[in-house]
Ligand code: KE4
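Just the one chain here, the form predicted on its own, laid out as structure tokens.
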């Protein structure tokens, strides 16, 4: 493929933007080569600045579950924009959206809108600390919950892709109250909560930032029981899983109700929007009702709320998630079969419309086992698929995403590319 225009843009970008990108993984450091610069998208397809076409399994890192430029979402945004783009004041639309979230997300009795997943997780932890009057929090080894200082301790995703342990600029004082345990290891959580006054534990109910790693059977239920016993606020970071693995999120899929939930990505319909919410008594701690301060000029932005509201409306239609499950299963099962045929070790995981193929001959149930993957082979896989018109996340430690716009023909096209790429490995 000719990518001369993208290469020129990347050279210009590096002179004006750190690393040439506004989010580190986009730089392709772990997979080699230069990133294509995307010009437009429609449905499940995107085109770069050179006119090359790709089947997109990134979907803006998860939000675009309906596909790119969905006409009903675009219409909702246009109608909202015609009335004004931002007010910094209450609107009827954000009340409607909050009521919808409280109706369909099991844990949300009250909800506060913000503009990004990082804001949602950062605020939820502050509220949990204010509610419990405890300082320490627990996070998962390899779990990424945004770039707030206290959450960059042993984070996965971008920092794993870049091969760095965390982030410079995070002080020892900030990090000391963050305790880290392996994913799917209940005993490690139990040891901490029995000896430490812990305010909260924050988990992705399906890890997506070490690659897609599901919870083991019974893990989330046992975690719910343990945290309730010790007065620890259980926070589900559903920024990625919310409305992607089920309508109502992973908590609806697995039947586990946390104390608080963080949402993002899908709920913004492709625009910057996120939310956090939970039990009414916990949310009562937030200003102006309580002493925990959190604010944002663009929180509840009318354009983002309109896009999110329309997206959830469309997702609630009967049969939506059955279609996503079938399409995701066809893709992931198909790639798994092709890997076996080619003699390539691959451990494929999938929950709903998110998935990962780990290039390892062992099972992956936590960050340690995910890191045993052959990242050089993944890089070759990524470049081979990109050259054949398939756009995947440029990291072994990121999830892929299916959309409702991926039809059988595009999945077959992807499997043809996968067959040729796996043979080349």
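As the structure is a prediction and not an experimental result, all values here were calculated from the model. Numbering follows the first chain given and starts at 1.
Not on display, but discussed next: the form predicted in complex with the ligand.
Interface residue remark: residue 56 is not counted as part of the site for the ligand in the model of the complex, having no heavy atom within 4.5 Å. Among residues of the shown chain, residue 25 is one whose heavy atoms approach the ligand to within 4.5 Å in the model of the complex.
Interface membership of residue 299, defined by any non-hydrogen atom within 4.5 Å of the ligand in the model of the complex, is ruled out. The closest heavy atom approach of residue 117 to the ligand in the model of the complex falls within 4.5 Å. Each of 146, 204 and 209 is positioned with at least one heavy atom within 4.5 Å of the ligand in the model of the complex. Of the stretches 138 to 146, 191 to 199, 124 to 132, 216 to 224, only 138 to 146 has residues with a heavy atom within 4.5 Å of the ligand in the model of the complex. The contact residue chosen from 359, 37, 61, 365 relative to the ligand in the model of the complex is 61, the criterion being a non-hydrogen atom within 4.5 angstroms. Checked against the ligand in the model of the complex, the candidates 113, 250, 260, 240 yield a single residue with a heavy atom inside 4.5 Å, and that residue is 240.
Residue 265 is the sole member of 254 to 275 found to place a heavy atom within 4.5 Å of the ligand in the model of the complex.
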